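In structure tokens, one chain follows: the form predicted on its own.
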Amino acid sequence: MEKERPTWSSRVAFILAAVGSAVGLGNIWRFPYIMGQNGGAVFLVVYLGLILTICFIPLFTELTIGKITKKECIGTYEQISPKLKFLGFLNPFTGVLISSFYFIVGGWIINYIYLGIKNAQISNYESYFGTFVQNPVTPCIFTILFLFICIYYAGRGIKKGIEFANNVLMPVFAVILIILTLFSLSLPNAHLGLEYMFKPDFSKLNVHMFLAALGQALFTLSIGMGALLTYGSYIGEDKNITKTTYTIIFSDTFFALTAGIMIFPAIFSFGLEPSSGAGLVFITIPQIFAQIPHGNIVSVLFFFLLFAAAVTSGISIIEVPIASMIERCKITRAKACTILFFIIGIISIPATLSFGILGNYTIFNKNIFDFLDFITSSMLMPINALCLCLLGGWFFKIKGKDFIQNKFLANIFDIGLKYVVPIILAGLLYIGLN
């Protein structure tokens, strides 16, 4: 068992870890296709408005509660009341379920890196991807490999594992993203992609777009997973939560926007469909690489970019159940990681096979993969975020005046934390279930 609670070695290390948690597949894989399915630029306007205003409140609250309690998720609720302890279990449970489908996508990424390295010649990526995910062996191997990588770094602890992974991968992520964005902007007709991103058509605005934007904002910022609460519990007394919250939000927004600028000009340059859904990264984008000189090199860079994003976020997700097991079960980090490895592996294998031999097995008319995605993003994450806001506003009584000098803005924060954000989250939860 860890004899004393670990802390971050520096403010920079903490910020890199927190940004690494927020900046993940939600930015590079999920954001472009959600934006493509919801009207392009007008979705971006709504998304930016929400992420820069509403989302500040639960993000700041989650970090602050972690810093105040210095406990993992279960201990945080138990500190308020033993009767609330059961709510704390929702966070590590959510982390396990998210990992069980998120790491499958991580396995797909590893496979595409391998394809780029060996310069595989594939004529039809739609057919290839469909055949690959239906294979009963190879995707499972890559899923377990990705799980092992994340568990390995988490098992090394805060400084030697989580900090090291983020300190190396986040700068590499940023450099590759900038290189690929400049390359995309140099393609013919790249301006059409920029117009799609930044020229809004407000006639496409609707309630479902608002909900999609809010759900994407919560997902991409890791709000409601327990990751930021856990990371917040490792903060020393000298860390400025307000500055850190703004840093996370602006970094996450920058990476999401840059990812869009990287992807949409390339899509329009080659006359492809921007609303092609979740297959955008694994079917549409590889078609572009196949048509350009030395496309395999660009492909390796792109998918390593995704790999870096997926690993840093993946580590933060599994740190939630790891921290809970260490502190609640009084076991070592190594033992907690070993147990979690088998738990996630047992759940993720059927989810991986849900595209093939288990495809006919459904839960509420969804295959296992889609069900895990639905129950976490549409149910558990909003519930967790809602509970945290109520916890912060009504039990810990976090006040805007303690960190906002402007009295009007401080009052806005208080109203938002106690009433507005909980109502919005409850509405999102209700609509998601209907």
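What you are looking at is a predicted structure, and each value in this text was computed from that prediction instead of being measured. We number the residues from 1 along the sequence you see.
What comes next is about the form predicted together with ligand TRP, which is not displayed.
Ala154 falls outside the set of residues with a heavy atom inside 4.5 Å of ligand TRP in the model of the complex. Proximity of Leu25 to ligand TRP in the model of the complex: non-hydrogen atoms within 4.5 Å are present.
Of the heavy atoms in Leu229, none are within 4.5 Å of ligand TRP in the model of the complex.
Contact between Phe219 and ligand TRP in the model of the complex is found at the 4.5 Å heavy atom cutoff.
Residue-level contacts in the model of the complex: of Ala323, Ile98, Leu306, Cys150, one residue has a heavy atom within 4.5 Å of ligand TRP, and it is Ile98. The contact residue chosen from Ile109, Ile317, Ile162, Ile263 relative to ligand TRP in the model of the complex is Ile317, the criterion being a non-hydrogen atom within 4.5 angstroms. Stretch 26 to 34 is the answer when you ask which of 65 to 73, 26 to 34, 392 to 400, 361 to 369 has residues with heavy atoms within 4.5 Å of ligand TRP in the model of the complex.
Against ligand TRP in the model of the complex, the set Ile104, Thr143 and Ser354 makes no contact: no member has a heavy atom within 4.5 Å. Residues of 382 to 421 that come within 4.5 Å of ligand TRP in the model of the complex, judged by any heavy atom, do not exist; none qualify.
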